[in-house]
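Single chain ahead, by itself, as structure tokens, in the form predicted on its own.
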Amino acid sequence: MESILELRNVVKNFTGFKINGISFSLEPGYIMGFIGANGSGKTTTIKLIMNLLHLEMGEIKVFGLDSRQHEQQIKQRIGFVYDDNHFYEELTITQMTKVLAPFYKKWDWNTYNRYIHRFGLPSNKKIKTFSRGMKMKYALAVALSHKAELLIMDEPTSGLDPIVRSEILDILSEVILDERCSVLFSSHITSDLDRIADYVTLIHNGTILFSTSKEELFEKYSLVKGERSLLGENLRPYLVGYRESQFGFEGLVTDKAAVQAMLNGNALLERPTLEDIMLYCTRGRAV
């Protein structure tokens, strides 16, 4: 199956920072969580995909098309939701949508009206009166109303209350059921991605540390907790990272079976969260 999004050896240089030859791909019908600390390169990568920044080296393909040579064609098939949406605040959403809709050849008013009704958005109030959650719902309604095959979302749930976040996550889970649409979901709220992501890509200081299925991550890594005396030479080859306290240590390990046999029941091994994996893979030993 052809990838809906593919980055190969992408490079972008800034003063003091570099997107360092990154590569990953996303197939149709899946949600990819794109995670990393603030400043790690998530937003820069998204801007490169959207051709908002000049690509210096490498290749980006969307729907099998070169992102630079076929920009207009590609953007007809993409829905994008950014952390900071740029709407005309003095307009109502009815007025704003009449500005936006003509740009999309496949705009569907029935789909748009269905989402506006579902989200309970008032059509006669100015956008400046909307809460952050309402603005994000409106942006999502617009993104879903022109039969987009790829949703690109940059920190869409940041700053939202749990109820609104849950509502947006439910929508995204529904969107991919037809296996036609995929979602690239950039976020530092890893609990959201624990819930809905099929694949996870971790970027750190402009470098991809891994891009794999969420299931494979949880098969590979385990969280271990025990007394500090267990931090011997035998355990260290399996440790991705750890932190110590006066009460003991906690760490991320590979090869759960080998670690269990080695520690012989003297430590607790648990399923990690994505936040645990991100923390230890990027920081190593966290004192």
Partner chain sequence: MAYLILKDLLLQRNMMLLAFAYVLLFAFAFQSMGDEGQLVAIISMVGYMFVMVGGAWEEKNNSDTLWNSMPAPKWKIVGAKYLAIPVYVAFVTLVYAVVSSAISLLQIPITTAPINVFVAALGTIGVFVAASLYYPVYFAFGYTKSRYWHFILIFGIVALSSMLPNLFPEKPAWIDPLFEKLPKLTGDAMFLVVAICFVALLVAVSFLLSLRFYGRREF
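What you see is a predicted model; the values in this text were computed from it and never measured. Positions refer to the first chain, counted from 1.
The form predicted in complex with the partner chain is left out here; the points below concern that form.
Enquirer: Have a look at 231 to 239, 215 to 223, 34 to 42, 65 to 73 and name the one stretch with heavy atoms inside 4.5 Å of the partner chain in the predicted complex.
Expert: One stretch meets the cut-off, namely 65 to 73.
Enquirer: Might residue 80 be said to contact the partner chain in the predicted complex, defining contact as any heavy atom within 4.5 Å?
Expert: Residue 80 belongs to the contact set for the partner chain.
Enquirer: Taking any heavy atom pair closer than or equal to 4.5 Å as contact, tell me whether residue 125 reaches the partner chain in the predicted complex.
Expert: Residue 125: no contact with the partner chain in the predicted complex.
Enquirer: Does at least one non-hydrogen atom of residue 87 fall within 4.5 angstroms of the partner chain in the predicted complex?
Expert: Because a heavy atom of residue 87 falls inside 4.5 Å of the partner chain in the predicted complex, the answer is yes.
Enquirer: Going by a heavy atom distance of 4.5 Å, is residue 112 a contact of the partner chain in the predicted complex?
Expert: No.
Enquirer: Given that the partner chain is left out here, which of 95, 166, 207, 173 has a heavy atom within 4.5 Å of it in the predicted complex?
Expert: Selected option: 95.
Enquirer: Using a 4.5 Å cut-off on any heavy atom, which residues of 39 to 73 would contact the partner chain in the predicted complex?
Expert: If the 4.5 Å heavy-atom criterion is applied to the partner chain in the predicted complex, 39 to 73 yields 47, 50, 52, 53, 54, 71, 72.
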